[in-house]
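Shown below, as structure tokens, is a lone chain in the form predicted on its own; questions about how it binds or moves come after it.
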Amino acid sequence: MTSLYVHVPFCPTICPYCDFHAVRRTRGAVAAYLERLEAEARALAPARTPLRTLYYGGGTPSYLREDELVRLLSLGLPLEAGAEVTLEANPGTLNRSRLALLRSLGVNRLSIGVQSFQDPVLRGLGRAHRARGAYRAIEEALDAGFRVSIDLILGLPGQDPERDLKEAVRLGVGHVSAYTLIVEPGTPFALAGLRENPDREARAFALAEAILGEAGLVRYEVANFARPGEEARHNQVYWRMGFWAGLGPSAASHEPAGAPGLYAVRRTRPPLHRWLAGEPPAEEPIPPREHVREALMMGLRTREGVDVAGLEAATGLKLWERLRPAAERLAEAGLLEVGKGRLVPTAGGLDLVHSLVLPLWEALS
């Protein structure tokens, strides 16, 4: 495994749409978290090969104080030359001094949670920053030499998505993750009765593909656009169903099984208080057929598609003949390209991923 995800659960505010494992800092909580994280990293170190990608997600990792950031980013994890080291950040937690510190500690890519450049929309989302702060953070991060990705949420009530997309282009970021709002059960938005609007979201995504595409940001995954060479290398490990390790509360890993009849094992660590108490991760065995289902689901979200021949070699399963009839029907419908052991979604197929995946799953059942 040459990729590692580190979960940092602390946030200055908890957004009303968020269902990630995020908590406010309390007295002693960050110190206890860092001590436990360092112990996890030490336990991992003997088997650690140099990392190609290292991703600090949250929560808001950039929310930590400077001495805490030094500890977080100094876990003694070996890196390959040219490794991608990403840290998630919110605009209000960045300034020139902090950016210089992050650079000195090896971070070379920032994923900045902008969500919108329109103040009324940001207020509606419960965000702590405003558009002016987002502009400043992005400009300073680019000046400091970071590869910069920004998150935008599209299809929101009262939003002008064209304006947000054109601002992203104007600022010159290399990567945009453009999502629609998912109202998860139990969140404040769900309890308030907020609902998604699929028609409005579809119009916003059509704008995203047109505006970002014209500016040279290619839609290489359902919700991700990048200039050539600016793709998120860490996230590509997930979409290709590679192997990765996880550290920190709620972090998941996808590891080789090392047991007959299994392809992989997913280990998911518990939430913060149970993780601090030493509770071990929950384990989910993944047999070869389940790995194939997950690989289809993830790979068909991307422009590169799924290497069926590679899946056959990795799992020992005979897949192509079972998948071919359904794949050819999808190709006739203009949703899929089929050839040389690979299934690749068309532009229309990326908009209808479930319509691609379900028939192929049924062909394997």
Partner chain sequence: MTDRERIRNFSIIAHVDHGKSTLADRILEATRAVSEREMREQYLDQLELERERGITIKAAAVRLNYRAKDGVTYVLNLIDTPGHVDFHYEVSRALAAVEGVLLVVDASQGIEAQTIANFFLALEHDHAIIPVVNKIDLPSARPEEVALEIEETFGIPASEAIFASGKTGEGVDAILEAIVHRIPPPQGDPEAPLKALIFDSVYDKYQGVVPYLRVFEGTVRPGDAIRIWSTGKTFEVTRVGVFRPGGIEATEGLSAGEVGWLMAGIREIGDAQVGDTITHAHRPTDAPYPGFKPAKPVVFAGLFPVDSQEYNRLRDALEKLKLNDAALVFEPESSDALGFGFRVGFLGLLHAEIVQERLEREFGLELIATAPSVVYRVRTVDGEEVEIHNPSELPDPTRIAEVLEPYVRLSVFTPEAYVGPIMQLLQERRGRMINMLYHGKRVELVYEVPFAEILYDFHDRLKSISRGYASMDYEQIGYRPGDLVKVDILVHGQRVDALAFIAHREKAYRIARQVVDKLAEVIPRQLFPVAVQAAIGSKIIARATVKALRKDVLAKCYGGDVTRKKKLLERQKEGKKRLKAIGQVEVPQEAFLAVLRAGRED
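Predicted model, so just to flag it, every value in this text is computed and none were measured. Positions refer to the first chain, counted from 1.
Omitted from view is the form predicted in complex with the partner chain, to which the following refers.
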Please state whether all three residues 66, 86 and 233 have a non-hydrogen atom within 4.5 angstroms of the partner chain in the predicted bound form. no
Contact label in the predicted bound form: residue 54 to the partner chain, heavy atom within 4.5 Å: no
Does residue 353 reach the partner chain in the predicted bound form if we count a contact as any heavy atom within 4.5 Å? yes
Contact with the partner chain in the predicted bound form for residue 330, defined as at least one heavy atom pair within 4.5 Å: yes or no? yes
With the cut-off set at 4.5 Å between non-hydrogen atoms, does residue 344 touch the partner chain in the predicted bound form? no
Listed residue (255, 284, 162, 139) with a non-hydrogen atom within 4.5 angstroms of the partner chain in the predicted bound form: 284
Which residue among 261, 82, 157, 198 has a heavy atom within 4.5 angstroms of the partner chain in the predicted bound form? 198
Please identify, from 164-172, 70-78, 90-98, 235-243, the stretch that has a heavy atom within 4.5 Å of the partner chain in the predicted bound form. 235-243
Scan 271-295 and write down, in order along the chain, each residue with a heavy atom lying within 4.5 Å of the partner chain in the predicted bound form. 284, 290, 293, 294
